[in-house]
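Provided below as structure tokens are two forms of one protein chain, presented individually as structure 1 and structure 2.
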Structure 1
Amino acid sequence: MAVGPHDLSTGIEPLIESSLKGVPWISANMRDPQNKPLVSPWRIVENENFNTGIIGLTALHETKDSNYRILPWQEVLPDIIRSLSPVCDFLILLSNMTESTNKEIASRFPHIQLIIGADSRLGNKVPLLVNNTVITQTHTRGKYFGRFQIEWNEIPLWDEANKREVVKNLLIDAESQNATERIPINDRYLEQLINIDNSPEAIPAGGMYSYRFIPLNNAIPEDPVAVSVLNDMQKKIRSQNRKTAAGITDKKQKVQAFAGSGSCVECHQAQTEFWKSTGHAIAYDTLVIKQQQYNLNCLSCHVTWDLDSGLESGGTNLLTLAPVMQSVGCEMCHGPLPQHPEGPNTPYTISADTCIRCHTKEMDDTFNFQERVRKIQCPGN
């Protein structure tokens, strides 16, 4: 189980405690202040002479907690793959990183055969082959059970991969003269790969998979014990976040690059008036009414911040935003416009992609861009 930002909502202690009780947490990039791993970076599962290496990656997120820090994947993955690749037959990465980061990792490391993601904006993700890595994930909150079935062959490649190219790259890594670049391959595969590289004949068949997302629907009753543990946990998280927010006296935090909706009115009065009449202007108040304004799970779509920052839920900085950022502001649709009054060419074209970052399938399953944009489109002057 890879550690995600939400697993750290009440700090590091509960995580370490449960880890000592046997919960198999892994994270390659979560470190203590002395740069030591706080939980195992990886595990190897041995099964009838077949070793599966499982690596965990925690998403980068802002935190005021000085008991841990999260390192970028570039600093930790190469060394770990270097040690696991020669002793494992199959490598899985459990990643809390965003979809685009997972793709970047896949293009760099054909040694990893499977990335199981946790990007909460994506829901169930049909497996996608990138280089030699299949990337997939199930819906959040245990709404689906994901089954991924593999038939593996004697080469460490997926059947649909561009095998010749992958083999070349694997061998370049394996044979590199530079010790910091060399990534050896399991002996079990090495000879096969060299044969493929040298022979113009047919390449042996690679691995195949099938998958299913099995919905765990309402007919399955709630477990009262689990519900009560969950409620207690959520209460703790809210009160922890409330304390964090109260501890910060300077509440005027603005998100870098964003000017805030208040800075547009002097030149765009008609549009500002109109925006105030839409739900976007009161999106944060909606959370206050529901007493969820300290819930990081909710804030990320109900305020103005950099959705593309790669921080999955924004982190605790979302708790202390200036009031002008506490709504879905102008810049969430028109893009950050710090220099705009000097050069009024907006860099953004508004399309469905602008909206579905928040109007996800999970939050708004009937979202239709053409129809809905009419309701929120600002008027001309």
Structure 2
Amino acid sequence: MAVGPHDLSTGIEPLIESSLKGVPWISANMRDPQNKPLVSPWRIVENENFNTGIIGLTALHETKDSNYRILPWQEVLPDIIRSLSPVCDFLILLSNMTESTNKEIASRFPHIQLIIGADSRLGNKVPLLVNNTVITQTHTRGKYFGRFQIEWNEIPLWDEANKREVVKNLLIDAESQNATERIPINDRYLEQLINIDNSPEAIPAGGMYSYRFIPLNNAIPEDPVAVSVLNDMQKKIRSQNRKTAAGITDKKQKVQAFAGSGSCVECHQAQTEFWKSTGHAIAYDTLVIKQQQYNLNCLSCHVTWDLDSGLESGGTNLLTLAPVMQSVGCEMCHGPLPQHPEGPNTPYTISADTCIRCHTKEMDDTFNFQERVRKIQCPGN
């Protein structure tokens, strides 16, 4: 398992302790103050004369812990890949980086055949081929099982003939998503299938793969021991984040580029008053009631900030937001107020994509864009 920022929420000690007990943590870029790896950078799995190298990569994130530091991937990956490529038939990177970073890594290192990501903003991600690297991931929170089956041969390339299977899976996923009226079916998938079927049959010349995202049954009873462990961990995370918030002397009054919903009232009084009556206005209060206001995973969708930037780039700042930002304000949907006077395209037009950044299928499986948007749609100017 690759170490991610959330695995370090309660400090480095629990992670090291679990590693000593046999938990197979890996991280190529997490180092101690003497620049030595705190856990194994990689592991090699041998199976019938076929060696698979698995590398872990931890996302850069803010930390006050002096017991470890996270190096940029550019400093560690080149040497590791040069070492593993000659002795491994297949390389997998378990990456906690953003999708854009994973694409950059794939474009630079064709010896990495598979990147399994952990970007919490993406959810289940259909495989994407970049250079000679397939990038994919399953959703966080353990609600899906990802099955990725590979047929590999001596040619260290992904096969072009595999495209039909990939596009077919994209279409199946699009239809599944459309069943909940989240994302419309993209007709170009059908066009691609027709074009592929009408083209000369390709001779397999490289690796092939198939994949599925399998939802796990919510009806399975919870294990009392596991629940107790999780509850204890949540308490430790809240305590650690509370201490982090108390230790930040430079309290954030506002997130850069955002002004707060109170600034909208001058021109949009009726709309601001309506917003106050919606659940968005009390989103942060619901966390306080449930004692989850120090849980960054929850907090990120209950305040006003740049959600698309990701927790890794400034999650601890959410702990010290001024009260004016402690709600899902106008700017979370319409865009930052300072950009509003710049042109007619701001504020942004609301679409389903705006909402499903937080109202994911895993967090809100009854979400229907057309129904919900009517409940929060502001009155006309």
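Numbers follow structure 1, counted from its first residue as 1. Note that the rigid core is defined as the largest set of C-alphas that superpose within 1.5 Å between two forms. The structure presented is a predicted model; accordingly, all values stated were derived computationally and were not measured.
Shown as structure 2 is the form predicted on its own, with the alternative form given as structure 1. Once both forms are overlaid on the rigid core, the distance between the two CA positions of Asn29 between the two structures is under 2 angstroms.
Once the rigid core is overlaid between the two structures, Ser83 does not reach a Cα shift of 2 Å, moving by less than that. The two forms, fitted on the rigid core, differ between the two structures by 2 Å or more at the CA of Gln271.
Per-residue C-alpha deviation between the two structures, core superposed: Gly262, 8.1 Å. On a core-based overlay, Cys298 has a Cα shift of 2.6 Å between the two structures.
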